[in-house]
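In the form predicted alone, a lone chain appears below as structure tokens.
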């Protein structure tokens, strides 16, 4: 059975710190996506919500929250939580319902209102929660983790602070042309390298902020899209895999590794396996991609993703960057949206925002940041507790 589904519409609320309810952000994204699809709210047969868990009761029932905000239409709802991969999980649930002939057209939505400062666990004593433990036992905030990854890259492959700064410079320039980005400011290498050190070797301008925002996608069966007389962007694959034991590299929120003494390490690392599963399902490879939207929690982590996506070999990401291959106009533009460097984290919305960005490029609607001739693109991020996330879209 073919696994393709159609992207009929996409919508977004600009990222920022707006001081409003996440419902307002998601509602705008939903209405924009419906308008983009040329559909009415009454046409939607299922609402799939990506959950946010820091904003009170309503966040825990995200699907129903947005169904109510739009005006109850009787549609079934679902809600997915996978931390930063929640949007991809929600897309996957929506796709599964379409492929199972349980629905023809589904609205997928995620939105968030984030606290000031870095993300931290909710209050309370939770001794079985590794995310809570890393704060309680180690005082290990997210920027500290990002710095450990950066230091690992420097030690393994000779990455430099200048390489990390160059990623920020590239993404900031990309974000200038994105009306939905929070930050619209170009930076020089000197400005990045002179920004305050937060967690050595990462500086303030190399670590993403927390943000408010929302994104929505309307997806349908290919038959329904044909009835709408459109030639849509297609979702070719959704990867939501988990790690394989043993995990020999530390991944958040854990702060130890598994032993490979008795059980050999898997053929691929967790992050390598995320995109591999997506490529396998889509029947495509890295060479077929026109662009990539990746999860640049820090500028250094973007370099890791180049290799995890197979855009280059291990240790070759810096060369790809220095050659200009990952900027708009290069061989494989990465984060033409500006990435999290220009958006910040709005956790349940960001995987959906990545799919919105692919869609605009594949339609030729990305304006001044357009990747010319885009035919296929891939997203990548990862949520706490082993939630893989990758979506491949194509024309």
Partner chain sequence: MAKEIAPAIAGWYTSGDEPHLIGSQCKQCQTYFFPKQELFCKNPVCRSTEFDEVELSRRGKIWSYTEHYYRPPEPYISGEDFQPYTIAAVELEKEKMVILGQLANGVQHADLKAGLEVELVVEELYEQDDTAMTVWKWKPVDA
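Numbering follows the first chain given and starts at 1. From a predicted model like this one, the values you see are computed outputs, not experimental measurements.
Quick note: we don't show the form predicted together with its partner chain, though the next part is all about it.
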item	value
Three-residue site 15, 185 and 210 fully in contact with its partner chain in the predicted complex at 4.5 Å by heavy atom	no
Option from 278-286, 245-253, 176-184, 222-230 whose residues, in the predicted complex, bring a heavy atom within 4.5 Å of its partner chain	245-253
Position in contact with its partner chain when the complex is considered in the predicted complex, options 99, 77, 193, 133, heavy atoms within 4.5 Å	133
Proximity to its partner chain in the predicted complex, single hit among 160, 323, 73, 257 (heavy atom within 4.5 Å)	257
Residue 155, heavy atom within 4.5 angstroms of its partner chain in the predicted complex	yes
Residue 189, heavy atom within 4.5 angstroms of its partner chain in the predicted complex	no
Touches its partner chain in the predicted complex: residue 147 (any heavy atom, 4.5 Å)	yes
4.5 Å heavy atom contact, residue 138 to its partner chain in the predicted complex	yes
Stretch 69-99: residues contacting its partner chain in the predicted complex, 4.5 Å heavy atom cut-off	none
